[in-house]
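We begin with a single chain expressed as C-alpha cells, specifically the form predicted alone.
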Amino acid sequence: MDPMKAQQLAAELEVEMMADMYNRMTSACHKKCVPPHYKEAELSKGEAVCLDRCVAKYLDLHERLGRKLTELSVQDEEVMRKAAAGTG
C-alpha cells in the first residue's frame, strides 16, 4: 500500500474513532447526569458539575487506554520481531 494512502486511511480512522468516542461519551454522560424530563431550559449547577466530572473521567480513561494499547502494541511488535529473527 502506498505510504500516503496508508497515512490518509489512518487519519480517517482516527477521526472516525474520535467521533465515536465523543458520541458514546455524550450519550453516557447525558444519561447519567441529566434527568429524562427537563424542568428548566438551562442545566442546574448539579447537572453541570456532574457532566464536567463525567467528561473528565471519560477522557482520562480514554487516554489511559490509549497509552496501554500503544504499550501492548509495541510489546507485540518486539515479540514478532524476535520470533522472525529466530526463524530467519
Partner chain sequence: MPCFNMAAPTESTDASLSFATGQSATVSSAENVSLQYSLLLDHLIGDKRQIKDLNPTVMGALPSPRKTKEEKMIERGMESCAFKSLIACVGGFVLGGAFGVFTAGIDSNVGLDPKDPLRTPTAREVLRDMGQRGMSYAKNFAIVGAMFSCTECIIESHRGKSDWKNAVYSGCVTGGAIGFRAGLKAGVLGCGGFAAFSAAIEYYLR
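Because the structure is a prediction, the values reported are computed rather than measured. Numbering follows the first chain given and starts at 1. Here the rigid core means the biggest group of C-alpha atoms that line up within 1.5 Å when the two forms are laid on top of each other.
If you look for the form predicted together with the partner chain, you will not find it shown, but the lines that follow are about it.
Taking non-hydrogen atoms only, C50 approaches the partner chain to within 4.5 angstroms in the predicted bound form. Residue contact check for A28: none of its heavy atoms lie within 4.5 Å of the partner chain in the predicted bound form. Though the partner is left out of this view, P36 does not reach within 4.5 Å of the partner chain in the predicted bound form, counting heavy atoms only. The partner chain is not shown here, and in the predicted bound form it never comes within 4.5 Å of any heavy atom of A56. Once the cores line up, the CA of S73 ends up 2 angstroms or more apart between this form and the one not shown.
When the rigid core is held fixed, the Cα atom of M21 travels less than 2 angstroms between this form and the one not shown.
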